[in-house]
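Here's a solo chain for you in structure tokens, the form predicted on its own.
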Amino acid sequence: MAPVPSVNTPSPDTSPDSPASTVAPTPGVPESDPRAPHVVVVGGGPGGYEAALVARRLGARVTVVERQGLGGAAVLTDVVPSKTLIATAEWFTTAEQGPELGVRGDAPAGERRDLVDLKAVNARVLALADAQSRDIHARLEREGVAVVAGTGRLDGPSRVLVEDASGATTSLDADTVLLAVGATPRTLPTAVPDGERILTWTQLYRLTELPERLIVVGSGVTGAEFAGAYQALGSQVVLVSSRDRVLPGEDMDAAELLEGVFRSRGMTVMSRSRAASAERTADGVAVTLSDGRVVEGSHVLIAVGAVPSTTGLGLEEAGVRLSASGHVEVDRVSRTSVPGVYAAGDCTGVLPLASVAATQGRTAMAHALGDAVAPLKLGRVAANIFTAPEIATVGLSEAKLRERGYRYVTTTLPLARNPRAKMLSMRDGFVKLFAHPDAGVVLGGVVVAPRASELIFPITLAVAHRLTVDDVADSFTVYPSLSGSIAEAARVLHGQSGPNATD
């Protein structure tokens, strides 16, 4: 994920993945000046707390209003918990290669349930999320940010009303307001979550026993990630997809490979099957499809997207323009339709990524407080899907290149050809690059591999800095290494142009 460059980039301890407690307080932070502009941030997720840190360093007085806990959904119910659960599941995915490597001890998929203490797994997941939230809170306080617990809503463009848990309301006057209120899981009126058998992804961590048969409704990123994780942990998994394939918005080759991996591991993937309803049965759930078929299981996860948390916050009354979907409309420096009011994160509908939210928040404060600012460039954003194997992307996708009529050349190298992959018994995956046929500039890339989230970074640098395939090919890589396939793919593209280009 590629943040906009800024001289005020906060220390990495505030990211959703890394603890802040190991980093010393930032020296030279100015004391609050009562005459300084007052920034009120509504929402303490990545977009909110990153914005708060930048605003403090630019000399503003800053108040963050958060009702759930610092870090927001990204830390408490989404990114940190889900990736911690997936990391646990990866132990089994890795162990599957044991017999081939000459190592005994892996439990067959049907016997893994007895090895997983889901209560302990989820306790660790929630403890890590809570610790990260407290670290962020402590960091903001060290930086001189005031944190107010409660629900914030606009009372006009320059005032925020905060309602605390007791119902008492206080008023905060603001020179600048940043809305970072996030989003919540979308539900179906015919499949109302009960937190026990019919679940959203925020409720999964309440489970104390591994689902025997988990039905996952929705084959986007969230559905695919949880389906893969629970299958690896030992649950029988049925993935219900209303589209032709899983991950319909991702690179087609990557999505088809992952679906094949899912099926080979015993997952049932039901394509072109739309869920109409879900209801409790005597000992589980029954999901009825739109064609009348009924799928039975012990639990069902509803993973059909998210809706912005913008209702009832006084946004439209204050003049803040919302889209038809309820998202706050912003420009590339995070401005809303109201001067002095900015927005960042999932409530904007730009890209539902923590890194994008953080970048939007930093950009908003730099713009509002007169610092140098670079508008958000979505073409440089790297993203990752934490399945096994992972799918990482950056730059223009092949679908987007074709849609826009761009000329490009491309090559795909299977991971199985890589010597390091052979040593680790990795077969499923590839590296794909897209480049301009004449200039040779790298336009985008896809990596499908274990830890693809780490491998995508050199391609991200190439896209961000308009490097050519020759620049990438001429850079040294370690032998043997998975990253060697990236340089090799660039060498394959050397000199391809004219009749070799794909229209």
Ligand SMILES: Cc1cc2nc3c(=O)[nH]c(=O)nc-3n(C[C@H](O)[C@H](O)[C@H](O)COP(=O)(O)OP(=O)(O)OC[C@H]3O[C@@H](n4cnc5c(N)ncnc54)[C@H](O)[C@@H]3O)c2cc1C
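Because the structure is a prediction, the values reported are computed rather than measured. The first residue of the sequence shown is number 1, and the count goes up from there.
Omitted from view is the form predicted together with the named molecule, to which the following refers.
message = Just checking whether P46 would be counted as a contact of the named molecule in the predicted bound form - the rule being heavy atoms within 4.5 angstroms.
response = Contact check for P46: yes, within 4.5 Å of the named molecule in the predicted bound form.
ask   = Wondering, does W201 line up within 4.5 Å of the named molecule in the predicted bound form on heavy atoms?
value = Contact with the named molecule, yes.
inquiry  = Does any part of G152 reach within 4.5 Å of the named molecule in the predicted bound form? Heavy atoms only, please.
reply    = Contact with the named molecule, yes.
ask   = Is Q68 close enough to touch the named molecule in the predicted bound form, meaning at least one heavy atom pair within 4.5 Å?
value = Although the named molecule is absent here, Q68 would touch it in the predicted bound form, with heavy atoms inside 4.5 Å.
message = Within 4.5 angstroms, counting heavy atoms, which one of the listed stretches 349-357, 406-414, 168-176, 124-132 is next to the named molecule in the predicted bound form?
response = Of the options given, it is 349-357.
task = Find the only residue in V246, A392, L233, A74 having a heavy atom within 4.5 Å of the named molecule in the predicted bound form.
result = Residue within 4.5 Å of the partner: A74.
message = Under a 4.5 angstroms heavy atom criterion, identify the one residue in V431, A227, M365, V181 near the named molecule in the predicted bound form.
response = It is V181.
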